[in-house]
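Next up: just one chain, as structure tokens, the form predicted alone.
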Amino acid sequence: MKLTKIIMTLLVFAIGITIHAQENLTGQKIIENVYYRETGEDATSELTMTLINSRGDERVREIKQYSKDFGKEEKSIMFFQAPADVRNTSFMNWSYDEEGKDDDQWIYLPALKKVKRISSDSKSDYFMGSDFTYDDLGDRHPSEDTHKLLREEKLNGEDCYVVESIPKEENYMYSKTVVWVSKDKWIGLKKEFYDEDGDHLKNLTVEKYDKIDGFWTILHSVMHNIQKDHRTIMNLKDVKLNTGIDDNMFTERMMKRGI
């Protein structure tokens, strides 16, 4: 009985610590938890990108993509497979854990037969006609914004933290973003983007996610540009984690060669 009482006391104490820690979570800590969420050593997947304009016209693009964690940096590369007008186009992104270090990005356009580096001035441009800017495709470091926990609420049955992030950088493309973060998965389930004038620009909504090899993985998301009434649907399939992708996959040579 004495041993049982000790165990129960320890369990209550541990639960109390967990509850107290969650009650004292700051906006900064929540965004850090999302940023550093474990996703596996590497990943391959097939991505279908569907672009839908205000008239309901659709353009569908098939992409093969790879990503790998190198410790202090994460590298990703995507190869467009179809349709014919974008086939063999490739895009590569290197993100860094180092504070203040911007992502490095490159795009290969087969018609020009050259790899072009994406300049900082071009990060606000939209990627391949989608509703994602080049900056959206990278990983924004938590230190680049001031984060404030606004409230806690449910979203589609999930308990979420709602966090507002305001950029420290002047003249950044967004005046602020607001994200709904799942409390138990540390996935951003919805994100609102506001333009430089403070007007609501677009929403990113995660509509499907699942646990693959022990890691929560986003499988279906929609970016909706409210001002243009344009949507980009991202649907992942055949996701494989920890397959041992070669380091040489993430090079300009591979961008030109393709897969």
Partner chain sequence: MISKKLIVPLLLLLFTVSNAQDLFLSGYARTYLGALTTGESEYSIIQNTFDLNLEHSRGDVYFKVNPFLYHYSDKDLELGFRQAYMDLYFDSFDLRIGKQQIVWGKADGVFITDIVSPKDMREFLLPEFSEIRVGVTSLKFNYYLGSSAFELVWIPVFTPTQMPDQNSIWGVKPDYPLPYSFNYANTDVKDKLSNSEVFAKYSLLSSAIDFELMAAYSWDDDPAFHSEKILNAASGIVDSIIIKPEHHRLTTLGGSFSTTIGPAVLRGEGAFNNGKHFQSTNPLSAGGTEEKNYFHYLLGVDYNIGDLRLSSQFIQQAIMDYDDFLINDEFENTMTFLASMDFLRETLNVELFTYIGLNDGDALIRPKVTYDFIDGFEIMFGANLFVGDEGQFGRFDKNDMVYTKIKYSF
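Throughout, rigid core stands for the largest set of C-alpha atoms superposing within 1.5 Å between the two forms. What you see is a predicted model; the values in this text were computed from it and never measured. Positions refer to the first chain, counted from 1.
In what follows, reference is made to the form predicted together with the partner chain, a form of this protein that is not presented.
At a distance threshold of 4.5 angstroms between non-hydrogen atoms, residue 162 is out of contact with the partner chain in the predicted bound form. Residue contact with the partner chain in the predicted bound form: residue 26 places no heavy atom within 4.5 Å of it. Interface residue remark: residue 87 is counted as part of the site for the partner chain in the predicted bound form, having a heavy atom within 4.5 Å.
Contact annotation for residue 251: at least one heavy atom lies within 4.5 Å of the partner chain in the predicted bound form.
Distance criterion of 4.5 Å from any heavy atom to the partner chain in the predicted bound form singles out 128 from the list 128, 173, 187, 178.
Only one of the listed residues (222, 52, 212, 219) places a non-hydrogen atom within 4.5 angstroms of the partner chain in the predicted bound form, and that residue is 52.
Contact with the partner chain, judged by heavy atoms within 4.5 Å in the predicted bound form, is confined among 150-158, 163-171, 179-187, 114-122 to 114-122. Using a 4.5 Å cut-off on any heavy atom, the residues of 208-233 that reach the partner chain in the predicted bound form are, in sequence order, 230, 231, 232. A movement of the C-alpha atom of residue 107 reaching 2 angstroms or beyond is seen between this form and the one not shown when the two forms are aligned on their rigid core.
The two forms, fitted on the rigid core, differ between this form and the one not shown by 2 Å or more at the CA of residue 247. Taking 2 Å as the criterion, residue 189 does not count as shifted between this form and the one not shown: its C-alpha moves by less than this amount when the rigid core is aligned.
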